[in-house]
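The chain below stands alone and is given as C-alpha cells, in the form predicted on its own.
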C-alpha cells in the first residue's frame, strides 16, 4: 500500500512545495502573496489549454515535455519520501543519468525551435549542469558509504538514526545537496524562476516556446524535481522519519517538504542572483564540501 502511494504523494506535494516557497518569499517581503492552492490552479488551467507550436519545431520538441515529466515521475518513484521501500529501486549511477535526461531533452527543445533565447538558455543550462554534476556524484557516493549500499533506497534507508550533529560528514553532504538543489532547479542565486528578462534567464528561456499541456508538464516536472531533491536532503537529516508507522509517515513527509520549502524561501529572500561568471565558484564550493565530507568519512 505504501509503495502505491509514493508517486501520488509526490504529485500532490510537488505543487505544495512551490507554493510554500512563494508564500515564504512573500512573507519575508511583507506581502501577502498567492495562496498555497495557486500552483494547483495554474497547473489545472495549463492542462486544459491547447498547444501553440513553432513552425520550425520538429518531433524532438513534441517529445520533450512527455519525456521530461515521465523521467521526473520515475525519479520520484526511486527516491524515498515517507518509507524506506520504494516502487522503483535504482542504482545511484543510473539515478544520476536519469537526472540528466530531462535536461538533455529540455536543451534540445530550446534549440529545436530556432529561437535565439532558447539557444542562449540551452547553452547556459548545459554549462551549469556540467559544473553541478561532480558535486552531485560525490555527494551521492558519500551517501552510499554512509548507508553501505549502491541502491538509492538502501543508501538512505541504511543511514542509522541518531544525532546528526555528531556526524559532520552527514551535514556536509546535506549542505552539498542543498547547493546542488539551488543550481539544478534554477533557483536563486544561480537563476531566478520568476524573472521575465530574456537576457538573464537560464531555465525559463528554454520554455518560452512551450504552451498549454506541454508547459504544464514541464512546470509539474520542475516541481517534482525540486521535491525529489528536498526528499533526498530531508531523508539524510531525518533518517528516522523513513521508519515511522504509516499513520505518521505521510504527515511527516509533508512536514519535511514544507520545512525544505521554508529554507529555500528564506535563502532566496536573503540573496541576490549572482553573475554567470560566479556560478562556477558557487558550484566549486559544493564540490569541495563533498570532497571534505568523503575525507571526514574515511578518516573516522
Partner chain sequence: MGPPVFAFVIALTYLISGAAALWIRSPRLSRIIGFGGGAVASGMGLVAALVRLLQGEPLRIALPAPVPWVASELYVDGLSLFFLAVIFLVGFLSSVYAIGYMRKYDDEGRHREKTAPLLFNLLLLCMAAVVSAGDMLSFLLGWEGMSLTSYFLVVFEHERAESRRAGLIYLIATHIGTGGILLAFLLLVQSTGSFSFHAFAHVPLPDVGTQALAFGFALLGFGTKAGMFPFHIWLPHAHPAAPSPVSALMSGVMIKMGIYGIVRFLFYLLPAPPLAFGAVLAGLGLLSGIFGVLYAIAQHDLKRLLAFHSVENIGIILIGIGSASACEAAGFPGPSRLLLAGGLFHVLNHALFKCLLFMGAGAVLQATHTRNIERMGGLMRGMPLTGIAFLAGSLAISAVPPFNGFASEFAMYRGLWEGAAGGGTLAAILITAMAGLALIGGLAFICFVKVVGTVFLGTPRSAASSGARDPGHAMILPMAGAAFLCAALGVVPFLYRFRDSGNVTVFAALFVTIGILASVRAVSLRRNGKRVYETWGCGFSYATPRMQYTASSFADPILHVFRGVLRPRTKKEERLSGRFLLDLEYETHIGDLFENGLYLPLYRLFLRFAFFARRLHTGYIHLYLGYILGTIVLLLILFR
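Bear in mind the structure is a predicted one, so any value in this text is a computation, not a measurement. Numbering follows the first chain given and starts at 1.
The next section is about a form of this same protein that is not shown, the form predicted together with the partner chain.
Within 4.5 Å of any heavy atom of the partner chain in the predicted complex lies no heavy atom of residue 153. Put simply, residue 117 is close to the partner chain in the predicted complex: some heavy atom of it is within 4.5 Å.
Using a 4.5 Å cutoff between non-hydrogen atoms, residue 100 counts as a contact of the partner chain in the predicted complex. Proximity of residue 126 to the partner chain in the predicted complex falls within the 4.5 Å heavy atom cutoff.
Of the candidate stretches 253-261, 52-60, 233-241, 29-37, only 52-60 has residues whose heavy atoms lie within 4.5 Å of the partner chain in the predicted complex. With the partner omitted from this view, the residue of 195, 83, 149, 185 that lies near the partner chain in the predicted complex is 149 [heavy atom within 4.5 Å]. Residues of 67-85 lying near the partner chain in the predicted complex, listed in sequence order, are 67, 69, 70, 71, 73, 74, the criterion being any heavy atom within 4.5 Å.
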